[in-house]
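First, one chain by itself in C-alpha cells, the form predicted alone.
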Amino acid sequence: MIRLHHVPQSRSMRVLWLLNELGVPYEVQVWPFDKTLRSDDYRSRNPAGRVPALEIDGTCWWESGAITELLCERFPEAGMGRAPGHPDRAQWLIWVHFAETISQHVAALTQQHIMLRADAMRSATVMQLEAKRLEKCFAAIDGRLSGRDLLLDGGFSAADISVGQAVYMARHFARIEPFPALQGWYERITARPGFALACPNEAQARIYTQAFYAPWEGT
C-alpha cells in the first residue's frame, strides 16, 4: 500500500505526478495548508511538519528529492529514474535536486505574497530579489534545454517531473515567456495525463488563487 500525504499546489504535487507516471496504485490523503501539518498526528509521518510524506509498506518517507530517488529505484521498469552507471545519471541527479533550489525561492515568495496578511509585514525588496532569482533559475533551465526537447538526452524522466512541478509553482511569481526553450518544454511536459491528474480539482483549496503575483511596490 502506498499513501501520499499531500497539499495541492505544494511540493507533494511532484510526488503525485511521479506516482501517476509510474503507474502504481496509491491513495492520497489531502491536508490543508495550515497549522494542521504541525500536529502530533502529522509530524509522526514527517517530523518537519511539511509535505510530502509517503507511507509505503509500513514505513514513512519524506523529502521530495529522496522520495523521488526511492520510488524510481523501487519501480525501475517505468523508466523515470537513471541508475548508477547510466550516461544520464549525473544530470538526472542534478535536475531532480535543482527543483528544490527553485522551490526555496517559491516558498519565500509564497510567504511574502500569501501568508503574510498585513502589508507592513511584507518586503518589496525580498519580493523583487526572489523573483529575480527565479528568473536566473529559468535561465539555467532554458540553457539546458537549448537544442533539447527534455532535460535528459535519454528521454522523459523524474527530472522533468521535479523541475516541471517547481516551475508550475514558480510561474505564479516570474514569467517564463522570455525563455522560449523553457516555455516550449513546459508546455510539452504539462500536456501529459500524469500532470493533469496531479493538479488540484475544483473541490480542493488552492494555495495560489491568482495566476500571477506581481512584486509588491510597497507603500
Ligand SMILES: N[C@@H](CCC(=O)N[C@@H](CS)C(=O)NCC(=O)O)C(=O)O
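A quick note: this is a predicted structure, and the numbers were derived from the prediction, not measured. One-based numbering along the sequence shown.
Beyond the structure shown, there is the form predicted in complex with the named molecule, which is absent from this document and is the topic of what follows.
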{"item": "4.5 angstroms heavy atom contact with the named molecule in the predicted complex for L37", "value": "yes"}
{"item": "Partner proximity in the predicted complex: P178 to the named molecule, non-hydrogen atom cutoff 4.5 Å", "value": "no"}
{"item": "F33 within 4.5 Å of the named molecule in the predicted complex, heavy atoms", "value": "yes"}
{"item": "Touches the named molecule in the predicted complex: V163 (any heavy atom, 4.5 Å)", "value": "no"}
{"item": "Residues G49, S64 and E100 all lining the named molecule in the predicted complex, heavy atom within 4.5 Å", "value": "yes"}
{"item": "Segment assignment from 51 to 59, 185 to 193, 23 to 31, 149 to 157: heavy atom within 4.5 Å of the named molecule in the predicted complex", "value": "51 to 59"}
{"item": "Within 1 to 27, the residues that have a heavy atom no more than 4.5 Å from the named molecule in the predicted complex", "value": "S10, R11"}
